[in-house]
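Next up: a single chain in structure tokens, the form predicted on its own.
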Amino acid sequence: MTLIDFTNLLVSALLLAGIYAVMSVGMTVIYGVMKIVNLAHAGFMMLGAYFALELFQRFRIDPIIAALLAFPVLFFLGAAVHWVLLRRLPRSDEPTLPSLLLMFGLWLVLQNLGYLIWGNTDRSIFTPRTLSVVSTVRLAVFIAAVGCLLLLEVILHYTWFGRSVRALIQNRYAALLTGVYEDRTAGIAFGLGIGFAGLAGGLLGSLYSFDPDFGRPFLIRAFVIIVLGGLESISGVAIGALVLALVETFSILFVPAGYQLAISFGLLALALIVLPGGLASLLAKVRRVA
């Protein structure tokens, strides 16, 4: 492999890591605040992809802008789902069977709704950028993804909502004692997580063809990333996304592309066995030793 080939693969991995981080950060926020494993994440990513497609086909809105517009729409949809369904679940400090079944059922409902409305034909979003000699689609997707992640970091560190989220992630009971309003914070957090799922789906729809089952392989990758990042670590998501993107990108040199999902499964199993606390906990131990 030449230096040019290595550089091209490295750049591709970095660009892929940005969208992977956006795809996963919503699940981390929801799990950290509510201790819910959002299996319906895949369904909301699918809705984001079709939302971007509809805006592009009907109103000729640029797919990147359409993906950004999917964020507020899916945010309010997520907040509504929380108000109608999730706030009725019993509170727990660990994922519960009722929450898992509810989110799995919601995923099936969204998936079948997608088949009912759009059918089972693969769709794609083609623009002049898609077929250009030097494609700018991945770069535009990366810039949009990183910009949204930076905005999330600002929200988490400089707003009352961000302080409430970080307090609930660190210690729920201590947060309640200090006056954090859990229901309101959880509702906004769930809406935020679903908004990021819709954004990620819209951005991924600019890169890949999709159907109503579009989100399933990306849901598996999101699980790998949040486990690598440490489940409740927002900053750890970026590390996990980068690791997975590097592994997937460079593995094509040795493994056929069709086996990439198996590589993700293997990485997930390895992380659960060797690093149950994620890479963030490993880095914290190294800093303490140093």
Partner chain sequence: MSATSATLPARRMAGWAMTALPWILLAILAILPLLVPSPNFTRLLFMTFLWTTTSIAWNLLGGFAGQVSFGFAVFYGAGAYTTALLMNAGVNPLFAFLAAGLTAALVSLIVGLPAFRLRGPYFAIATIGISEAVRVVMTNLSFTGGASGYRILEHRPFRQLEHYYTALLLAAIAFAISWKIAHSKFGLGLKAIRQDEDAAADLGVNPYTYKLAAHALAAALTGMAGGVFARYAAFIHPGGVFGFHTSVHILLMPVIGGIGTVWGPVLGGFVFGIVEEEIVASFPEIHLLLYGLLLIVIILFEPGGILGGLRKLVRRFRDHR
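Every value quoted in this text rests on a predicted model; they were computed, and no experiment measured them. Residue numbers count along the first chain shown, from 1.
Keep in mind that the form predicted in complex with the partner chain is not shown, yet the notes after this line are about it.
Engineer: By the heavy atom within 4.5 Å rule, which residue out of L100, V154, L177, L139 makes contact with the partner chain in the predicted bound form?
Structural biologist: Spelling it out, the residue with a heavy atom inside the cut-off is L100.
Engineer: Work out which of the listed stretches, 177-185, 100-108, 145-153, 190-198, brings a heavy atom within 4.5 angstroms of the partner chain in the predicted bound form.
Structural biologist: Result for this chain: 100-108.
Engineer: Give a yes or no for N112: in the predicted bound form, does one of its heavy atoms lie within 4.5 Å of a heavy atom belonging to the partner chain?
Structural biologist: Heavy-atom contact with the partner chain at 4.5 Å: present for N112.
Engineer: Taking heavy atoms only, is P72 within 4.5 angstroms of the partner chain in the predicted bound form?
Structural biologist: Judged by the heavy-atom cut-off of 4.5 Å, P72 is well away from the partner chain in the predicted bound form.
Engineer: Hey, in the predicted bound form, does V227 get a heavy atom within 4.5 angstroms of the partner chain?
Structural biologist: Yes - in the predicted bound form, heavy atoms of V227 and the partner chain come within 4.5 Å of each other.
Engineer: Spell out, yes or no, whether the shortest heavy atom distance between L268 and the partner chain in the predicted bound form is within 4.5 Å.
Structural biologist: L268: contacts the partner chain in the predicted bound form.
Engineer: Check each residue of 35-61 against the partner chain in the predicted bound form and list those with a heavy atom within 4.5 Å, in sequence order.
Structural biologist: Result: V37, L39.
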